[in-house]
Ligand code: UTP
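Listed next as structure tokens is one chain, alone, in the form predicted alone.
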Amino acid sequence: MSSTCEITGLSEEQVAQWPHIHAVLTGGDLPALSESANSYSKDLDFTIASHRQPKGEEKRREGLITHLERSLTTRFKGSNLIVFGSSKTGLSLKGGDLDLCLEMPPKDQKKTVKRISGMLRSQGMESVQALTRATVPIVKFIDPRSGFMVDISINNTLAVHNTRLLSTYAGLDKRVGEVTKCIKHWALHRNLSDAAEGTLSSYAWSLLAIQHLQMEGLIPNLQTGKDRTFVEVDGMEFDLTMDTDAKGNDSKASLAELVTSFFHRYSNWDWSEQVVSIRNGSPLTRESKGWMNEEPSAITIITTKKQKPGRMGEHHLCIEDPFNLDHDLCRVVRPEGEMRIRDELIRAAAMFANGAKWSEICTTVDPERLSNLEPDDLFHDLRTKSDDDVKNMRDKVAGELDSLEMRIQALEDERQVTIRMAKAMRGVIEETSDLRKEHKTTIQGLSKRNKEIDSIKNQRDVINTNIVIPLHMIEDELSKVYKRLTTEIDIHRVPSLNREKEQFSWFFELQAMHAKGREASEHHQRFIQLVKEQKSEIKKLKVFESEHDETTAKLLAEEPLLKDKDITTNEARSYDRRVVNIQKALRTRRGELHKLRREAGRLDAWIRKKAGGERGRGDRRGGDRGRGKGKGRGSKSPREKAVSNAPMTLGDISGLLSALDSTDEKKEKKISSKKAGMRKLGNLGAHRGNRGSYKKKE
């Protein structure tokens, strides 16, 4: 079993994973400021140069934005697509994400994100993810044509203002962008700039860089001033004050000094007491901000032996958003991510102090993770293959294309049939809906009447059980007793007192029995009436069923697809669900079709490239050497790259194909519309020719 550190509780494996932060936690010294900062100037300049955006990449980005803008604004009326983030501020690295915000009228954002993801899949976009549970719903995807990773968020208005602020900071001094790019380059290669994986976002690293440059005196705080600008965004009021006319300070610090001091500052940063705040221009205290260092800590979570240790406390590496002051950008950081960030900052500062190379400081963690950032040579896997092998690959792809197109056509046919079935079923249901309503009303009436009949029958039977004498006999007896009680008394036959009491008692009892008897009689009459109504409604029900069956039979005769089908609402819904499932399958297959077509185009381009290369060499042997005249000495056209077998990227392929098309086919000479109209009249000369006769149009 591995031993654990008595001070930190970290295991031997964890100590080996984060040795620098462990050394500091156990009493080690923090690294000193590098005294040879300027020795890194050339390496840092090379890093900046390597992240300059090529013109071809800018064109591909603009083309992608234009395409997405057309697609989204057409589908969502009243919407507007806005570019924001580091690609807009100029602080992005080469191959960085493209952040877009779709501003649109208030709607269900989750449904909107799902609709956008479906549209993107149908257009052949790759790795499409709809993150509907995020605070701001977002769609992430990769455009296979340009290689860009794109994020589209919905009504992310505050992020647009953040972009404007960072753009203004970047415009104050070119060193702002240079320092930020160097920091992002280091964070990218050390795997510290992926919020989804539990580290800080690229935006958070930008804020750290700006806070550092504010404290170094290179740039001022742009959010100061007496005149404040308050704007309501998503129902909340934010202070968006921004001094766009401010200028940078007169600082002579070099890029190398600013970068090395960045790592020294944040490796020595007191995270237990300080909050990064570019809004304030300098760090805030936790007490003034109200962000306490909540438990459990990262190291407590990591060293716990519980199976479910729970969530880490908030506000450990506090970075305040410049506008949304309640938003701490470290809330995405996980325990392992926090340990890695602090360990890497100390490592970098120590390596600067020891004179290590910049390339060593930025050694890539997990190179496979960044393999897709640099565009591959489009034909890298074909250069070692023979022409026959490539042609066989092309034939195989062509066969797969044919097969997939047949499958897509079959799915499309099935989808159309299923839609027709669903519509036909709904049509039958709608045509017979009135009959069904009357049918249903009648059935409901029968059920209700049955309950009333049972209730009245029970009440009648209870009374009849308690009163055995029929009503007419009660009335006769009442009449006799009444006469006895009201007839003049014979003096010689005076009844006794007890006898008279019995007569009165019996009279009152007969009166009560008579009332109940009449009630039972009324119940019985109501019972007879309800039974008659019930029989009449049952006859109507049979008529409705007969009419419904006749109407349905007529409709089924007109729609053969519905033969032997159970026409119910549930059955129609099942067909609707099947349409949705087929549509999903179609999206997947069309995505596969798009990839196969792209692969077929790539193979065709290579075959044509090789053929064009052979022709190019033959032309040069023939002595035509003046064709490239006028081009720069070091530049190569797509055709020249093809001949020399130089690596080609996606940006070169369009030029290659257009160049090959121009040699394989003669371009038709463009003719003006006026000349084209004259040509339709025939070959006209100076002579008048024969005069034609006028014919009136019919």
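Being a predicted model, the structure only gives us computed values, none of them experimental. Position 1 is the first residue in the sequence shown; the rest follow in order.
One more form of this protein should be noted, the form predicted in complex with ligand UTP, which is absent from this view; the next part is about it.
Residue stretch of 575-583, 594-602, 322-330, 361-369 approaching ligand UTP in the predicted bound form, non-hydrogen atom distance within 4.5 Å
Contact criterion met by 322-330 only.
Each of 86, 99 and 203 within 4.5 Å of ligand UTP in the predicted bound form, by any heavy atom, yes or no?
Every listed residue reaches ligand UTP in the predicted bound form, so yes.
Ligand UTP: the contacting residue among 260, 155, 92, 211 in the predicted bound form [heavy atom, 4.5 Å]
So the residue touching ligand UTP in the predicted bound form, by this definition, is 92.
Sole residue of 316, 175, 340, 184 within 4.5 Å of ligand UTP in the predicted bound form, by heavy atom
Of 316, 175, 340, 184, the residue with a heavy atom within 4.5 Å of ligand UTP in the predicted bound form is 184.
At 4.5 Å between heavy atoms, is residue 418 in contact with ligand UTP in the predicted bound form?
No, no contact at 4.5 Å.
Does residue 233 reach ligand UTP in the predicted bound form, with heavy atoms at most 4.5 Å apart?
No.
Taking 4.5 angstroms as the cut-off for heavy atoms, does residue 199 touch ligand UTP in the predicted bound form?
No, residue 199 is distant from the partner.
Answer yes if any heavy atom of residue 117 is within 4.5 Å of a heavy atom of ligand UTP in the predicted bound form; otherwise answer no.
Heavy-atom contact with ligand UTP at 4.5 Å: absent for residue 117.
If you look in the predicted bound form, which residues in 151-172 sit within 4.5 Å of ligand UTP (heavy atoms)?
Heavy-atom contacts to ligand UTP in the predicted bound form: 159, 162, 163.
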